[in-house]
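Consider the single chain below, provided in structure tokens and representing the form predicted alone.
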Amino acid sequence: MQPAHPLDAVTHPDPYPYYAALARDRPLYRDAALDMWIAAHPDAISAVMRHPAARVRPVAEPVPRGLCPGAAGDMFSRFVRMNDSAAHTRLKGLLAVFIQAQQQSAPTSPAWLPPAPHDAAGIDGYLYAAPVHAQAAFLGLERDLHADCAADIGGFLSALPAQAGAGRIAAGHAAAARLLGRLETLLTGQHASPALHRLCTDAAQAGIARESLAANLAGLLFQSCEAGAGLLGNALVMAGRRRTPAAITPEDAEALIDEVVRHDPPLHNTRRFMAEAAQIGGQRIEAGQTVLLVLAAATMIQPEAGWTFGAHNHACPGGLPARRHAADASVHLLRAGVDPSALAARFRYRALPNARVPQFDFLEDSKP
């Protein structure tokens, strides 16, 4: 049975024939049941992404209401991923230059890798922790801080849903405050890398506050978490189905990750919110309406384009490090004796609206 709609497709066992048909036959259409426009063809997605009226956050809610006021809301408000302003565009350019330069000096595995678990619950936790450990090492944080960063990113993530209770929101504020403090210390510390020093200098010359820099380094940790979990988890499933040997080489692991990006990507969709009415792809989209950009459908038309990492003004500058980190973690797990065939034989997908993340530890009759 094919998915009922694009959001249902994220957790479907094999949504890709559906995505291919969607991109081919319904490039841009209105889904009344979802109360959203659906853009599925690369041309339609690009047209929406490029349109100045299409914003990454609703105009009336630039920050999730539950996060305001507090450290978590302040940090979220500074993320370049969640802004369309000219100042944030300049900062994103500086971050892209920093990431490219930092790749020359960042530590390689196994320096950042946490110990490999061997049970399903441990693997589930590892999927989310390993990408943050990797990104923390990439930024230059001391190794004894990596687990703290992973825990705090988890606390921040748990505060984001609209249904998050007061306890989770309070924990999210505390986690954000710790992250910001940790990263401001990194920016001002004597052990910062040359690339980080250059980022600070260039940002100061551009009039960008150090608080915004710290928030966006935290943003790199945040963005690595769920997408990284999906990338690594889907790689383990693919490795299990292909019976990949434990003695996998780094080169083969990188090829595996590239296959995942092309054929089972971790992020399937993202959204844009119309600040004003617009004509796009022959359709009139009204102000206040939401457009679901089905990146996984675009991948069916352009498998080499890396749509899972976004495109145009909001393309993720960390796509290459994310691939390498996932490949390193895959090698680490398989060489440590994790059996991908057993994982691929029993899993389901977490009930997430955008990310395709396998879950290996669950009760048969429980809801995801």
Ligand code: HEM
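The first residue of the sequence shown is number 1, and the count goes up from there. The structure displayed is predicted, hence computed values, not measured ones.
One more form of this protein should be noted, the form predicted in complex with protoporphyrin IX containing FE, which is absent from this view; the next part is about it.
The stretch among 68 to 76, 84 to 92, 140 to 148, 275 to 283 whose residues place heavy atoms within 4.5 Å of protoporphyrin IX containing FE in the model of the complex is 84 to 92. None of V291, A129, L267, A214 but one reaches within 4.5 angstroms of protoporphyrin IX containing FE in the model of the complex through a heavy atom, and that residue is L267.
Put simply, of A174, L157, L196, I99 only one has a heavy atom within 4.5 Å of protoporphyrin IX containing FE in the model of the complex, and it is I99.
Contact with protoporphyrin IX containing FE in the model of the complex holds for all three of L220, S224 and C316, each having a heavy atom within 4.5 Å. Although the partner is absent here, M300 sits far enough away that none of its heavy atoms falls within 4.5 Å of protoporphyrin IX containing FE in the model of the complex. Under a 4.5 angstroms non-hydrogen atom cutoff, protoporphyrin IX containing FE in the model of the complex lacks P62 among its neighbouring residues. Within 4.5 Å of some heavy atom of protoporphyrin IX containing FE in the model of the complex lies at least one heavy atom of F309. Residue contact check for A235: none of its heavy atoms lie within 4.5 Å of protoporphyrin IX containing FE in the model of the complex.
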